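Coming up is one lone chain in structure tokens, specifically the form predicted on its own.
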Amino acid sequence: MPEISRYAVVEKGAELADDVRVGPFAYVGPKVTIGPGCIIENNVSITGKTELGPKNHVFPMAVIGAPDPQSPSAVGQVVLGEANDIREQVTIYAGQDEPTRIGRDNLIMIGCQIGPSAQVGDHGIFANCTHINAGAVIEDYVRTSAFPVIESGVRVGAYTFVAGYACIDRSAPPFAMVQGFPYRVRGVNTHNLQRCGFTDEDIARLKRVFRELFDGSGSTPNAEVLQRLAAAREGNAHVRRLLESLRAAGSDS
């Protein structure tokens, strides 16, 4: 049987795995499903049609499944994968037409907000007060420093680092370090790539391509260089991914 504090409220209809722990003054709504190994600390609210996969840890004062501010009376959906740490005072808003989705093995730190229908991948680390707006897409292994804003509908590419107070107002490429308001590409996120097992050869090739594409300006890629590199049948899989991402972002703008 789940271990539920006598001071918690778990509504009829909620489905909790046998080993779930729910702390005092927590609230679990009637359409919530919580998988095995989850820990729900004190003063947490989980509402809406929310699904938590196994081994998620939700810390005090977090809210998961908050209604979309644009449709406060509608019941939206949040789908959480496995082994995420949702720290204190995080708010995750429920999506309406598209569920808000968070993958696995993410650390979402104090005060972060994730907007309705945002899509967050796996293995991310989001520092305090990262604000991800509605419909944004965050790919795998993204890292942020504190207080950045990811605007609605934009995409942040995999392995990218977003500096503190940056504003991602258009899609950001993978493998990059981005900074500023509006943001500028400052180079390759070397440290993260090394930690994730990229070879020295892969990193060196990405650095050469970044220098060609951004030419020190750090704003948008040089269109002629991008076209030339895209036509050159690049052999490095990571560089191909970078070029495909940049071309897709250009076609969307």
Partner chain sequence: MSSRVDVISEIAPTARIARDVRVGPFCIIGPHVTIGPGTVLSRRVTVVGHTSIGSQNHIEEGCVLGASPQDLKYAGQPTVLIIGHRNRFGRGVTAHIGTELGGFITRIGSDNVILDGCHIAHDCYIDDKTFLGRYVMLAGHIRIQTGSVMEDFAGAHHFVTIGRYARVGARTPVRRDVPPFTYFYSEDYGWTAPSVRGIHDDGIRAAKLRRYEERELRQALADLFDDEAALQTKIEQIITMGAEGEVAALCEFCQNSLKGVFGRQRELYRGKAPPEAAETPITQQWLDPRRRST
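Numbering follows the first chain given and starts at 1. None of these values were measured; they are calculated from a predicted model.
Absent from the display: the form predicted in complex with its partner chain. The rest refers to it.
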- Item | Heavy atom within 4.5 Å of its partner chain in the predicted bound form - residue from Lys55, Arg205, Lys31, Arg186 | Arg186
- Note on the structure: Contact with its partner chain in the predicted bound form, heavy atom within 4.5 Å, among Asn222, Ser219, Gln194, Asn42 goes to Asn42
- Looking at 70-78, 161-169, 95-103, 133-141, which lies within 4.5 angstroms of its partner chain in the predicted bound form, counting heavy atoms? 161-169
- Query: Ile125 near its partner chain in the predicted bound form, any heavy atom under 4.5 Å?
  - Reply: yes
- Message: Although the partner isn't part of this model, could you tell me whether Gly13 comes within 4.5 Å of its partner chain in the predicted bound form, counting any heavy atom of the residue?
- Response: no
- Query: Would Tyr27 show up as a contact with its partner chain in the predicted bound form if we use heavy atoms at 4.5 Å?
  - Reply: no
- Could you confirm whether Gly153 comes within 4.5 Å of its partner chain in the predicted bound form, counting heavy atoms only? no
- Those residues of 99-133 which, in the predicted bound form, come within 4.5 Å of its partner chain by heavy atom: Leu107, Met109, Ile110, Ile125, Asn128, Cys129
